[in-house]
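Alright, here's a single protein chain in two forms, structure 1 and structure 2, each given by itself as structure tokens.
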Structure 1
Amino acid sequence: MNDLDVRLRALLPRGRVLTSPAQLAAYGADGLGYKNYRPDAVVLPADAAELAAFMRGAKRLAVPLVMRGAGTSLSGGPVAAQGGVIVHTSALKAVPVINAHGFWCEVESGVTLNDLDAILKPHGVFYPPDPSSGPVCTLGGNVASNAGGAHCFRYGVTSNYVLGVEAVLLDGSVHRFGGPAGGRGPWREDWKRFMIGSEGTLAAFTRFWLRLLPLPEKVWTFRATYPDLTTTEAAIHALVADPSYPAAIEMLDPRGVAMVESSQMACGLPEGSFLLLVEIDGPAPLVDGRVPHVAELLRRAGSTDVTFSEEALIRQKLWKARKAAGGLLGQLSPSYVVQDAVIPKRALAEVLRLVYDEADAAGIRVVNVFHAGDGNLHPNFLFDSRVPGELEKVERISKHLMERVIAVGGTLSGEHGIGNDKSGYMPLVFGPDSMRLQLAVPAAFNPTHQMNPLKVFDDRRFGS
């Protein structure tokens, strides 16, 4: 047993401490599996109280601390980029309060999104943010990266639903930033916005108070295909401005469609088409009345292939191509990088052109998924990290893409966070003054940058 091991065990009498090389290997990567950073140790606190107690002693360990939920981050968030200890929250799984009448719940940070959904459903309420990693990602990871999802066009992202955050700082102090009653009453400092999207750089989250909504009475799903980008854009613009206010507007580009159609998930989509998926929901009489109008809107924009349904099974089929896309990427190539740029919708054609041209020139396959309502573009670059030079090509394309995104007035990340994968692009968006102010925030909470160093800012290093 090494010295770190002994000290960690003293801090975690009930939880677990992993220090053998074969216990650390699995914690080397997040959703970007090809990048590996082996931590010096992993700890699994037995519960929230032990996590808080651990944090009290953690400063004296004098090694970086990295919080980790399910490790599905696509930006290099929960990995030990500067070594140190990974704190895995998998035991923090309680949902102590569901207040369906007050439309809020209290959950621990290791609860997975789909588990929360299942627990809430019988109460007739739901928590709207829906990243597609829902079956496995944790609320801690969601809050720390301000996760979004397909339905965030209408419902908004994680930050719109966090009423309060319980956060443990490196001195062991436990803070409740906000709470079920917002920042009032006994819930003193309402600094939760500092915490949301902080990517593990400020504090360890132990629990949240989340806002809930009544489950929509009725949902209709529409699927339409378009022959070209012009007609697709016409549909997106019309939908965004339409009073039917869709909950989700999702797009898959022709390369994505081709990928689905050449797989076992094929669903008969026309070759070379753009796919749009739209969902409207709400009280039955209201949504039912809007169905013909939305269908007509989709046709008028130029689709001759509009299908829609309210039935769960058919709706699942309509979503199939869009949902299958993520998995098929993995079947096609051993590694992929997904960018997360947000662009003004008017710039879609220009940015897509750049992505296609650069990827084709470099011989890299690319598939684009677009949260079209929010202007959040996900180009997925497929490559093989074992082939020398491929990753570099992808990184070069990504850099050109980001430069163009900034030039058209967009930004780096819509929902995946910056981590260490996109930290190099930060100076492209933010000037030196803004960077200085942003860096002052983690410095206020942990002056030596012990929490998740080398993330968000390239030079945010522990100990310097």
Structure 2
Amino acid sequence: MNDLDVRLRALLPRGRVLTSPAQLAAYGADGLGYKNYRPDAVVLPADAAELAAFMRGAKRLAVPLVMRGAGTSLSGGPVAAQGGVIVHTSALKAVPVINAHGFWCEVESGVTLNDLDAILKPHGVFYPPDPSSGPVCTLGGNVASNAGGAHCFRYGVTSNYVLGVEAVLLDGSVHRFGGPAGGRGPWREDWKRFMIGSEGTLAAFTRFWLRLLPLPEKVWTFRATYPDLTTTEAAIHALVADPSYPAAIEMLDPRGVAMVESSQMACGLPEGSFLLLVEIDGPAPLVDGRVPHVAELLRRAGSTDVTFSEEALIRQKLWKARKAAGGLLGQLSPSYVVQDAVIPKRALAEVLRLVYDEADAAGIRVVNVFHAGDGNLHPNFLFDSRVPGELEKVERISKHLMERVIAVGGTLSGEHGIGNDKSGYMPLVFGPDSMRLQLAVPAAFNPTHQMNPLKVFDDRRFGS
């Protein structure tokens, strides 16, 4: 038993401290998978009080601390890039308050998105952010990365729904920033905007107060295929500008469609075409009346194959195929990188052609499945990290992609965060003065950068 093990067991019961190589192996990577950073230890607090008690002694450990929920991050966020202790918070699963009349709930950070949806549904309300990893991703990770999802085109991302955050700082003190009253009453310190999207660099999250919406009365899902990027882009522009205001506009390229149809998620998608998945929702008479118009809009843009349904089973099958696409990539390739960038929709075809041209020239397979409505691209580069030179090819393509994204007026992340995967691209967007100003925020909360070092800023190192 090493010295760190002894000190950790003085802070937490024995069963909640993991130090054996077999136990730590599962915590070496996040959803990216190909980069591995084995931590020195993992701790699993049983509840918020135990987490706060651990944090009170953790500063004296003099090792990095990394918060982790389900580990579904696709940016290298919840990994021990500089070693240290991973604090696994998925045991915080309580939903103590659902105030359906006030349209808010109180929920702990380890609750998963799909579990929260199931709990809220009988109350006639829902929480709109819906990342594809909803069955397993936790609210703590969603808030830390400001996650989005398929329906963020209409409903917005996580930051639009967080009313308040309870967080434990590095000294073990517990603070509530905001709350169901939106920062008034006993929740006076409305600093939640600092916390949302902070990627574990400021504090440990224990609970949230979330804004809810009434469940839509009626939902229609459309499926339309297009022969090329030009017609697909035209359809997206038409949908975005239309008063029907879709809740979601998702795109799968022909390679993504073929991947779905060759899997257990096959749902009869026509191969060889670009696919748009579109959804409208709202009051039944209003939504039913918009169906013919949306179908005609999709046809006018160039589709000869438009189908639509209000049947729950049909709709669920389509969405299951879309949201499972990320998991299916693991069946095609031993390694893959999912990039996350946002561009103006006018540059969609231009940037996608760059992705295809660069990947094809390098002999790297690429699959595009993304949130087309808000221009949030997710090119998936498939490769084998065990083959010399493969990773370097993907990194060169990723750099060229990010340079083009910035050149057309886009930005580095729409929902996955920066982590350590995109930290090297930050100077493409921010100058030295802006970088210093941003670094001052985590430095104010923990001057030695003990919380999640080497994330967001590639020179933000513990002890520096």
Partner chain sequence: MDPEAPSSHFSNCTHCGFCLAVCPTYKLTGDENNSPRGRLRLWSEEAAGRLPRDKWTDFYTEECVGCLACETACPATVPYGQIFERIRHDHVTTGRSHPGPVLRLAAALVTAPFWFNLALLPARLLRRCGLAWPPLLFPGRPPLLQSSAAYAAELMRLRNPTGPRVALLTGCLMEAMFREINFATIRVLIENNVRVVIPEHQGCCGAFQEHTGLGDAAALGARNRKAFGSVEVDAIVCNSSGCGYALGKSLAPDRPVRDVLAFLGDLGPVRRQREPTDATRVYVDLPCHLVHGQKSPGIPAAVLDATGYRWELAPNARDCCGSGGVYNLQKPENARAILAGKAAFLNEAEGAPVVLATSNHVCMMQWNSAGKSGLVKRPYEVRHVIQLLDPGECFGRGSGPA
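Basically, rigid core = biggest C-alpha set you can superpose within 1.5 Å across the two forms. For residue numbers, the reference is structure 1: its sequence is counted from 1. Quantities reported herein were computed from a predicted structural model and do not represent experimental measurements.
Notebook entry, point to check: Looking at both copies of this chain, which one is the form predicted on its own?
Noted result: Structure 2 is the matching one, since it is the form predicted on its own.
Check: Does residue 319 show a Cα shift reaching 2 Å between structures 1 and 2 after rigid-core superposition?
Finding: Shift of 2 Å or more: yes.
Item checked: Did residue 13 shift 2 Å or more between structures 1 and 2, C-alpha, core superposed -> Yes; residue 13 is a residue whose C-alpha shifts (by 2 Å or more) between structures 1 and 2 when the cores are overlaid.
Margin query: At a 2 Å cut-off on C-alpha positions, does residue 135 qualify as shifted between structures 1 and 2 after fitting the rigid core?
Written below: The answer is no; the displacement is under 2 Å.
Notebook entry, point to check: Once the rigid core is matched, what's the CA displacement of residue 328 between structures 1 and 2 in angstrom?
Noted result: Its C-alpha position differs by 2.8 Å.
Notebook entry, point to check: After superposing on the rigid core, how many Å does the CA of residue 271 move between structures 1 and 2?
Noted result: Once the two forms are fitted on their core, the shift reads 4.5 Å.
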